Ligand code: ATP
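In the form predicted alone, a lone chain appears below as structure tokens.
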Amino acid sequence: MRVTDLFSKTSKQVPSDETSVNAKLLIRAGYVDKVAAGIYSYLPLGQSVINNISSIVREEMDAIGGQEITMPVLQPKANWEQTGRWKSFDVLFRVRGEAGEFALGPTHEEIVVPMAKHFVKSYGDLPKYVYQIQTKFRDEVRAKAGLLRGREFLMKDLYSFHATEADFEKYYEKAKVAYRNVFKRVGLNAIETRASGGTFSKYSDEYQVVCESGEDEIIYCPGGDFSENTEIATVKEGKQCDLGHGPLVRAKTIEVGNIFSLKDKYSSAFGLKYTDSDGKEKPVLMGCYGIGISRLMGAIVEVMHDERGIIWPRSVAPFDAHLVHIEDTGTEPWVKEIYKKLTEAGVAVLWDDRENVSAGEKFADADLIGIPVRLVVSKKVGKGKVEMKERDKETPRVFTVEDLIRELS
């Protein structure tokens, strides 16, 4: 992809109506376009990051037996009245049309449970696991944190259906492993944290990333053997960790995922039952597992940036390399040949081919956009050679094109 073909452009101007780091950098770097508070369009660079995160999440959900579906955003009022949440769900968008009243889905229990009634009849039909990556809507009062608290956002929600508590617990542990894999693969150190289960269960498990701009707060052991949300904390900071890792620490965090038991709350509301081996009817037990895809994108930026811009992990970056051509006389054929060889080798390259733009401006844009590797072609570097600098390092290295391809592969 050539920069001159890219739909979006970078901007030197910091958005005056944004306070969060993720919103400021994503807008300036041309990843998102703000429509209104908590509502953003994803531009080509941003959509690429979203797609990469979604692919990682899909792979991990598929690995634990998840089957992908897509459920409607528009949900009948009657379903929400049946669970008692039409009036009690405080951030529910309610809309009226010619066909009646509907909810814009903030979550999908009201759809997935009636759906499961069509297919779950006996113990032989269980367990089952379905998930979707779907747009969600929540009427947030404070939509001031960029992608971290949106009114419209992208989320992965998985629902599991079980005959027994033991079977649910077994799957719950599998989900924990999958979640750890997701966050590790996108480059985040997410701390598994005990939290309130709300109306569903006594406890849930949240995945929290330490960040000063976070809205949550945890007390945790840096050694990894304890973490609780301060809303339910049973110990105070400073207490020694049980495994000898030093004192517990209080920290601001960003929640990037959660998993919890639904028990039979929604299956009972809709009469979702199964017949066991003795011919008795019993309520289906459920679990729910959520990851905010767009929220995760915002969290990565909040954690991985410097004064110059974003620093994407390679696993989610929109391109593998950002190719900068310094406009020295006679070097145009060099950069064309290098771009051709890289793309033929499967390296995804964003080529800054802009003319009459200074090297300093191109370097500043490369840092702002945050692709993991910057490549420079110039007379100074030499014919058939490329200078490579990793975004999170200061010292560049020079490679032949062949060695560079091996390095990037």
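We number the residues from 1 along the sequence you see. Predicted model, so just to flag it, every value in this text is computed and none were measured.
The same protein also exists as the form predicted in complex with the named molecule; that form is not shown, yet it is the one meant from here on.
- The stretch in contact with the named molecule in the predicted complex, judged by heavy atoms within 4.5 Å, is 136-144, chosen from 136-144, 166-174, 262-270, 244-252.
- Using a 4.5 angstroms limit between non-hydrogen atoms, residue 108 is distant from the named molecule in the predicted complex.
- Although the partner is absent here, residue 292 sits close enough that one of its heavy atoms falls within 4.5 Å of the named molecule in the predicted complex.
- With a 4.5 Å cutoff on heavy atoms, residue 287 does not count as touching the named molecule in the predicted complex; it lies far away.
- Heavy atoms of residue 297 never reach within 4.5 Å of the named molecule in the predicted complex, leaving it off the interface.
- Interface residue among 315, 83, 132, 258 relative to the named molecule in the predicted complex, by the heavy atom within 4.5 Å criterion: 258.
- The contact with the named molecule in the predicted complex, taken as any heavy atom within 4.5 Å, belongs to 149 out of 305, 194, 282, 149.
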